[in-house]
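Presented below, as structure tokens, is a lone chain in the form predicted on its own.
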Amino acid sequence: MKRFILGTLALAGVAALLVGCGNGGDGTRVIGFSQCNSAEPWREAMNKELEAAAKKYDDVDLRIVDAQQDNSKQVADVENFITMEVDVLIISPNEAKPLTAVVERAYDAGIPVIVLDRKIASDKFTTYIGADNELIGEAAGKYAAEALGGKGKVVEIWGLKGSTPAQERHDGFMRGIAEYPEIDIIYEQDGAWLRQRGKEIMENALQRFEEIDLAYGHNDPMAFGARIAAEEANRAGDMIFVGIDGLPGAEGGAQAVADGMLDATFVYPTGGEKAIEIARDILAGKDVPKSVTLETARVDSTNADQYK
């Protein structure tokens, strides 16, 4: 089985990549995956899940490219996949609006498109796969309200604000605390999903505010970064830390909860295995749903061991 992961697609390499693309003579079908970035543990887990699922099939050639959080690069990556005439395009957009037009071009060119995790600003795609980010955000908000006893000061560390999960996780959180007017978001910044940015944002917040009761990170790495900043300032003992992702493994959010570094996280499945399953159904000519919603769960001290 042909398998490899592509880094940056240089123009000089495009001609070579065209060979064997589409429905080749050996029956291999090419699935191109445009990843918005591979720097986050959750996205690395997504890549691995896609690879593991694709390895089950000898007729699948999965090709992964990393946009490195660069919209223009991701547009170019998708344009290369269109030129290559891949059999299925899977994309996790860096930001919705900048990627919409090129995804529409792929769809209009007859390439089935699976939008994974993050949405585009259009319905020109075949299937969207992802958990309900607003519902997860609302669950995080309700947990925060419960943990705070209905009042407190919150630092919110956003994911990339141009991405749909970040906006939805914010909107859901606000809905979750809507009945508690004494819960205030006193500071919020864009952490771009990165642990170091989460740490820096929390450092700034700690310098500005003498009272912080809870840090809500739109993902676990940023929430963990906030925890580290608070520890370095000798203020972590007074705070609650909430994240989203709940990855298993030694570096995952579930382990962080088990270790007491986070108070709670909410499982956000990567959807990699489901994306390959849907891609296979498309290639087999089966009808596929327009939207697939992945299940979530709250992970706290009562159940962290079963998720870690």
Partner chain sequence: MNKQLSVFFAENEWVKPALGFLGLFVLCIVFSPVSSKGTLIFLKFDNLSNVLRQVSEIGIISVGMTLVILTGGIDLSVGSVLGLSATATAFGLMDWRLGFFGAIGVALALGAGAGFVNGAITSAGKIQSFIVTLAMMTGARGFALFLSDANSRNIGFGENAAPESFKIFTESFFGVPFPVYIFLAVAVVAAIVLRKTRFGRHIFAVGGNQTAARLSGVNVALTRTVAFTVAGFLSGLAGVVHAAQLYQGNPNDGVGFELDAIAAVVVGGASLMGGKGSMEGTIAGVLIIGVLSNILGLHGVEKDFQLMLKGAIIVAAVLMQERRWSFRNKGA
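Residue numbers count along the first chain shown, from 1. Since the structure is predicted, the reported quantities are computational estimates derived from the model, not experimental observations.
One more form of this protein, predicted together with the partner chain, exists but is not displayed; see below.
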- Query: Any idea which of 196-204, 135-143, 113-121, 76-84 reaches within 4.5 Å of the partner chain in the predicted bound form, heavy atoms considered?
  - Reply: 196-204
- Applying a 4.5 Å heavy atom distance criterion, does Lys161 contact the partner chain in the predicted bound form? yes
- Query: Does at least one non-hydrogen atom of Glu232 fall within 4.5 angstroms of the partner chain in the predicted bound form?
  - Reply: yes
- Query: Taking 4.5 angstroms as the cut-off for heavy atoms, does Asp58 touch the partner chain in the predicted bound form?
  - Reply: no
- Message: Contact with the partner chain in the predicted bound form for Thr126, defined as at least one heavy atom pair within 4.5 Å: yes or no?
- Response: no
- Item | Site check Arg43, Ala96 and Ala147: each within 4.5 Å of the partner chain in the predicted bound form by heavy atom | no
- Which residue among Asp171, Asp190, Asp213, Glu104 has a heavy atom within 4.5 angstroms of the partner chain in the predicted bound form? Asp190
- Query: So which of Ala39, Ile282, Ala258, Ile240 reaches within 4.5 angstroms of the partner chain in the predicted bound form, heavy atom to heavy atom?
  - Reply: Ala39
- Message: Residue by residue through 248-280, which ones have a non-hydrogen atom no more than 4.5 angstroms from the partner chain in the predicted bound form?
- Response: Ala250, Glu251
